[in-house]
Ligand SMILES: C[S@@+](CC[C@H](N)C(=O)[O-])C[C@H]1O[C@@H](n2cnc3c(N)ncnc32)[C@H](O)[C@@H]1O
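Next up: just one chain, as structure tokens, the form predicted on its own.
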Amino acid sequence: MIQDALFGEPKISIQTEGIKYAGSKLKLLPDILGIINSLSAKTVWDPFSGTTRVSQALSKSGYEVISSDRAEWSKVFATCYLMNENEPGYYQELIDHLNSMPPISGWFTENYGSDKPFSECGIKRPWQSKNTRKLDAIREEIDRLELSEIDKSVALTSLILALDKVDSTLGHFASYLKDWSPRSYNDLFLTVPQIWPNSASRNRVLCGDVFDLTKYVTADVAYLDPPYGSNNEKMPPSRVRYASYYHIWTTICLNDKPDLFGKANRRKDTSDTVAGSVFEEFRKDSEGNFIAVKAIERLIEEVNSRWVVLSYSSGGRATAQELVKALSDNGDIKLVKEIDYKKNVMAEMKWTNEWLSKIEEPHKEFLFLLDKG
């Protein structure tokens, strides 16, 4: 029974690994797994995988996972965690070698490192130069070694995880702190990611637009976590662009030394004039509907899965009615689950106006289970 799977004991707990990330579903993992475990499913598609925490948890739970995202760094994470067939110790020699690289001053130090805080030099940077010099050396060595795709993904994931622990940011790279954060004084040090041996060919990792992938991806369950946005009229829905927030991880993975702009030295291909995804489009169409929510409706319709588990974060009140229609028009809604982080309360609700009355309240997450039949 769904009720038993969701609210029975013991609580599902699976360890995953990731970086600081807006919209992370780390706290929702037990609830997502509880819903999917209640179904007769073998394969799950996670098309907005981000840092891959959900994909990791699903793979560790025994599911065949298809992990995909538009971001190159998400593909690197997914390849590291889902495609590796070796024990962690297999990579220790590689990680030790990368840690031994003598620091050099290169492109990353020039653009993202500083020896002094903003108060002394008038420039804000995400890392202290001692760590970007290590970054420059390690990143060049990763390319020089000509590693296999999986080995390279493990090395890059290790590097990103290490950099995430010594940054001077609020968790994204659209702006940086004026004064060095306490963690930025620590030395960059790579460790082997918390990987595990996966069975050969069990999982798949894809990179690209979700609507291109729906044409040939089939799974028992699709877990959908597209970006939403604020209900503030001055900050319309889906105004946050993930490519902009995490541009530095893309550059580290590609090592392409792109053209930069702005005080944060963002990649030019992440400018506000370039929409990373239709789900991040904040405007309305000619009929007054939010374009992003119409895209969600299209995705629910086109996804080749019987079951759809959809995440929704409160604060997007302007889009709630359209979301209701998108779900109702495409199947039978089996479950609505509310998670109140502020009150630490979880509850099951029926599909009634009760949900709509709560959507204005902050600090809430909702999970929907849709049976497309």
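For every residue, the number given is its place in the sequence shown, counted from 1. This is a predicted model, so every value here is computed, not measured.
Same protein, other form: the form predicted together with this ligand, not shown, and the subject of what follows.
Residue contact with this ligand in the predicted complex: Pro182 places no heavy atom within 4.5 Å of it. Not displayed here, this ligand is kept clear of Gly171 by more than 4.5 Å at the level of heavy atoms in the predicted complex. In the predicted complex, this ligand sits beyond 4.5 Å of every heavy atom of Pro197. In the predicted complex, this ligand stays beyond 4.5 Å of every heavy atom belonging to Tyr63. Note on contacts: among Asp209, Asp259, Glu120, Asp256, the single residue with a heavy atom within 4.5 Å of this ligand in the predicted complex is Asp209. Ala71 is the sole member of Leu161, Ala71, Ala137, Leu188 with a non-hydrogen atom lying within 4.5 angstroms of this ligand in the predicted complex. Proximity to this ligand in the predicted complex holds for all of Lys25, Phe48 and Thr51, with the criterion being a heavy atom within 4.5 Å. Comment: 209-217 is the region of 188-196, 209-217, 89-97, 104-112 lying near this ligand in the predicted complex, near meaning a non-hydrogen atom within 4.5 Å. Applying a 4.5 Å heavy atom cutoff to this ligand in the predicted complex picks out no residue from 129-157.
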